[in-house]
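This document starts with one chain, in the form predicted alone, laid out as structure tokens.
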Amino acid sequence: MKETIGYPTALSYYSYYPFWNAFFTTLGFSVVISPASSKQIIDWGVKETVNDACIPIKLFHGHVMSLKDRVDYLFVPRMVSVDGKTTFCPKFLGLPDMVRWSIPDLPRLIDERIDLKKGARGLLSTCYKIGNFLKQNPARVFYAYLVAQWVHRQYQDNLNRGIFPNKILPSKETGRGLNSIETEIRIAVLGYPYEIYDSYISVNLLQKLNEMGVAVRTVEMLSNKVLGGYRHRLSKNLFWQYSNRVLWATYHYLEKKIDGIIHVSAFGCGPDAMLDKLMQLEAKKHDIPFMTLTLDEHTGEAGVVTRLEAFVDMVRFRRESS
């Protein structure tokens, strides 16, 4: 019987699950993911984390709770840097420690540090360390790494073609109805993928916009090459990986004459405090409607829908009046 590795469907899941799923399954393991986010999962997370943690961290702890008694290993990598320049925010850096000291009776953690500041070969080195921990042959690890790289490139290509992660990844049933539609109204919904694509904490924001006849644009629809073109727009980039990508996407969509921007933010997120102001100023400079939608575990669907409808009506009115 195959040994199992638990993969929480939160935080880096939306960016890197295809890579790690391919890596582990090629090595002969069975990858078990946690179910779609729910009230029970967020309640578990709220109970196990400190009060001032943001909702993505609370949610991650809830997903760990849902997996911990069903798997042999739990994958909680220490995400430091994937581009060799910027760093993930502190909640990613300390995630394995937070989980280890918050939740009792965990299975063995795969908590290897992922830091590519010393070059692209750093990822291969990390794979060898994980393979060694799992008692795997180095040649087999190298083959699994190549397969995972290929799968990850396919995933990135699909995202850049406008396919939402919810259409590709094996969880998040409530987001399956999402479509990449083309209408006159185009709104960029910008934020971190673990907030935007989690249908529960975002109260199905993307699908609701879809149903209002809005063509949604996200950060993940832009290739690394496109985003990298805005790397020097500010005299100094932000510190954090996901924050930079959101800001660069803001520059891009403003240049492409988008009709409006919605910034999805988590209550209490430190990096977002600066990012939100920068985005707001850029949108004002281009005279583009901008709205911040702040999420926490108490966010109500009715309130979000009311704000979305008002924002879309205003965007549509401006477009028809111009």
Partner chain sequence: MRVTFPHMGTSHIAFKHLINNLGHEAIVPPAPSKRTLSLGVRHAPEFACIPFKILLGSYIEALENGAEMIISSGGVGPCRAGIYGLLHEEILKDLGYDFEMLIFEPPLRGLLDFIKKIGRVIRPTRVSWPTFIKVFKTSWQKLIILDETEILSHQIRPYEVIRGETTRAFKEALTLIDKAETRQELDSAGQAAEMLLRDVTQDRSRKPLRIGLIGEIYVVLEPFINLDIEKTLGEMGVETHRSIYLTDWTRDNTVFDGEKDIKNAAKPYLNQLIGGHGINSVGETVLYASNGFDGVIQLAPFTCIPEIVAKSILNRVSRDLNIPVLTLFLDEQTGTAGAQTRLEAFTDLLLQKRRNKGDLDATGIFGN
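Since this is a predicted model, take the numbers as computed values, not measurements. Numbering follows the first chain given and starts at 1.
Beyond the structure shown, there is the form predicted together with its partner chain, which is absent from this document and is the topic of what follows.
Contact annotation for the candidate site: 53, 94 and 281 all lie close to its partner chain in the model of the complex (heavy atom within 4.5 Å). This chain lacks the partner; the member of 80, 209, 134, 147 within 4.5 angstroms of its partner chain in the model of the complex by a non-hydrogen atom is 80. Contact annotation: of the candidates 222, 110, 215, 98, the single residue with a non-hydrogen atom within 4.5 angstroms of its partner chain in the model of the complex is 98. Put simply, residue 236 is close to its partner chain in the model of the complex: some heavy atom of it is within 4.5 Å. Contact annotation: residue 229 falls outside 4.5 Å of its partner chain in the model of the complex, judged by heavy atom distances. Within this chain, residue 285 lines the site of its partner chain in the model of the complex, having a heavy atom no more than 4.5 Å away.
Residue contact with its partner chain in the model of the complex: residue 289 places no heavy atom within 4.5 Å of it. Per the 4.5 Å heavy atom criterion, its partner chain in the model of the complex is contacted by stretch 236 to 244, the sole one of 236 to 244, 195 to 203, 122 to 130, 69 to 77. Contacts of stretch 260 to 282 with its partner chain in the model of the complex, defined by any heavy atom lying within 4.5 Å, are made by 267, 268, 269, 270, 271, 273, 274, 277, 278, 281, listed in sequence order.
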